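Just the one chain here, laid out as structure tokens, in the form predicted on its own.
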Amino acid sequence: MSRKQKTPRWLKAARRRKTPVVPGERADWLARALGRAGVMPRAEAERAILEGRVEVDGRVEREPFAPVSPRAEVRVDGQVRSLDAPLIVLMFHKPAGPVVAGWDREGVGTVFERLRAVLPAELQGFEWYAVGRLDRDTTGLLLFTNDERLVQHGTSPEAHLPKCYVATVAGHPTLAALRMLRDGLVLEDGPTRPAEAQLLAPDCVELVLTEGRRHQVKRMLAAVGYPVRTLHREAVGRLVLDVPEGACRRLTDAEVAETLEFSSE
């Protein structure tokens, strides 16, 4: 028997209010809209709403998932706050250790904690979403954004956005092994797309994928007989990592459009 899918809280709130969505307007709920616009992170926004500190069009709103229009007048602690949300994308150099998750059961920490520790003050109020995942022990380029549409673009198999990894492996991969990676393999969850594969050193392989399954690089290299020892993501699209480990920087609009092939329009 299949499990019944749970209705999201924001959708329940919208149905209760029977709020119409204006054609061409981006639907959103209050707590997320505040986080996307950089007023305050979503968890903080939910607390402020529940405490009665947020007004929408002159009325105190205590439902974090209440539908809200970008044209609404929103006040937080009596001050008018804009819901205009420019697309922001951050490059972060992930170190080994933290997880790409909201919390870490092992107590090492999360990438969101590491990111907030190095963010400038003007970016602290945003809610950040990781564009895809890297394993705990994987280092390298991890993108963050305040816009879920970029998350979908960066992780969708249909986008064919290439991701470049450098792996040190056990053993010295042969040309035959590289050909297998280039031709595509059959893993337990189906065939892979062909990958670009080349040797950078006798035990170091550069692999470029256009899909992002769970542990895919590690599984592909293990399948051809060379288990991964260390793994580093060097590039996403045409965007190449250029900040030190643990640091971040904001991408320009041109970089987002040209190297990630994404437009927020």
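Just count from 1 along the sequence shown to find any residue number. Note that this is a predicted model, so its numbers are computed, not measured.
One more form of this protein, predicted together with a small molecule, exists but is not displayed; see below.
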Review point. Do Asp147 and the small molecule share at least one heavy atom pair within 4.5 Å in the model of the complex?
Key: no
Check your understanding: According to a 4.5 angstroms non-hydrogen atom cut-off, is Ala85 in contact with the small molecule in the model of the complex?
Key -> no
Review point. Quick one: is Leu141 in contact with the small molecule in the model of the complex, heavy atoms, 4.5 Å cut-off?
Key: no
**Study point:** Proximity of His215 to the small molecule in the model of the complex, heavy atoms at 4.5 Å
**Key:** yes
Study note, to complete from the structure: Note: exactly one of Leu161, Val111, Val74, Leu134 sits with a heavy atom within 4.5 Å of the small molecule in the model of the complex, namely Leu134
Check your understanding: in the model of the complex, which of the listed residues (Leu231, Ala33, Ala45, Val205) lies with a heavy atom within 4.5 Å of the small molecule?
Key -> Leu231
Revision key, fill the gap. Per contact check vs the small molecule in the model of the complex (non-hydrogen atom within 4.5 angstroms), the hit among 60-68, 193-201, 215-223, 33-41 is 215-223
